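Taking the form predicted alone, here's one chain by itself in structure tokens.
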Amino acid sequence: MTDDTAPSPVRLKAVAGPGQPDPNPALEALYRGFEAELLVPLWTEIGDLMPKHPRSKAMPHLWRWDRLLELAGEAGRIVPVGRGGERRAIALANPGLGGRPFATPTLWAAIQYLMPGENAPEHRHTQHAFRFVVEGEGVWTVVNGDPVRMSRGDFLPQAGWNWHSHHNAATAPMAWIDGLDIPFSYLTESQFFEFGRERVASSEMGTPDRSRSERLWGHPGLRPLSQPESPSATPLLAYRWVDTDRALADQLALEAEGHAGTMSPGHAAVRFTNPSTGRDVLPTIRTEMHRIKCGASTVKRQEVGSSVFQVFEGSGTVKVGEREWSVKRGDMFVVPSWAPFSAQCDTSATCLDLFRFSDSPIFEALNAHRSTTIDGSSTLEARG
């Protein structure tokens, strides 16, 4: 039985309805017994626990980059960066998740802001992470002693339990977005954290154009034989915008020449992958870049699992469930699990580039992933 001094958190009420027993004194007495013993019958919960399709608590929501940058800049003037606080990172809080600093039930997204000459101290954690740069240059992230340049359009993955710090060697502030699986780690109670050195070595404060990881792993189709096979997360610490841009442009050029290469007319897309295995860069996070050419639209899609998008370049309209927004460079928005999503590039823009990260690898590992594309009157369903 429960502690006699503590009321039971279980609350049951006999309610008439389909699939429910008729309310009567005996049923009420049974429910009081359930409450006392911390028991909950499935017949009162099945609609919530086993719905016909995912019903996410997360809500579609849009954050404007101009406002995020303004508030981050104010925080830069007021809030110091140092041991304890560790990072000047400001998380997106989905309005459906009770004020927690979670963009979705599994994904964390934040704007991080570093003032000129500042250093974010070294630490490590089991949560997997990445950085994506929308604008600016001059910050280096140092991963296990390897300084990695951060520039506009660069994607920088960071597998869990690796030492890392940041330093701004420029004369201007810089902002970028962080993505982590913090909510998933929190939910599964699997997180570890450890402080690192108070100061990194002077040799690690250098500003090389190419990191050691890029020199070793950044050659398309080639893997160094000196390195162990099949690491679970990518050993390449920077995926440069020049390569991503070229890949997207080539897909659209092939389409214009009459060859296959795009997701749908005018919609090019690439996925960042582990160069050793071809799988996702991180075990719990999928990352992609999408380019929609002028006036084109994506196919409407539903997917198990949630996503966060950031507009890298251009302008357009996005539809998430019943919500519709006009978006421009830097804006961020959430697509909850199974919410229909589509995007269209404005006719006044050259293209609409969207960076996307999602929790798809988690559901694929559990054999629980499902996606549906909706094209006119037909619906196509597939299991991953």
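Residue numbers here begin at 1 and follow the sequence given. The structure presented is a predicted model; accordingly, all values stated were derived computationally and were not measured.
One more form of this protein, predicted in complex with a further copy of the same chain, exists but is not displayed; see below.
Exactly one stretch in 99-107, 309-317, 168-176, 114-122 has heavy atoms within 4.5 Å of a further copy of the same chain in the predicted complex; which is it?
-> Of the options, only 99-107 has residues within 4.5 Å of the partner.
Is residue 184 close to a further copy of the same chain in the predicted complex, meaning a heavy atom pair under 4.5 Å apart or at it?
-> Because a heavy atom of residue 184 falls inside 4.5 Å of a further copy of the same chain in the predicted complex, the answer is yes.
Determine whether any heavy atom of residue 137 comes within 4.5 Å of a heavy atom of a further copy of the same chain in the predicted complex, and answer yes or no.
-> Contact with a further copy of the same chain, no.
Classify residue 63 as contacting or not contacting a further copy of the same chain in the predicted complex by the rule of any non-hydrogen atom within 4.5 angstroms, answering yes or no.
-> Contact with a further copy of the same chain, yes.
Any non-hydrogen atom of residue 59 within 4.5 angstroms of a further copy of the same chain in the predicted complex | Output for residue 59 is yes: heavy atoms within 4.5 Å of a further copy of the same chain.
What are the residues of 15-39, in order along the chain, with a heavy atom within 4.5 Å of a further copy of the same chain in the predicted complex?
-> Result: 19, 21, 26, 27, 30, 33, 34, 37, 38, 39.
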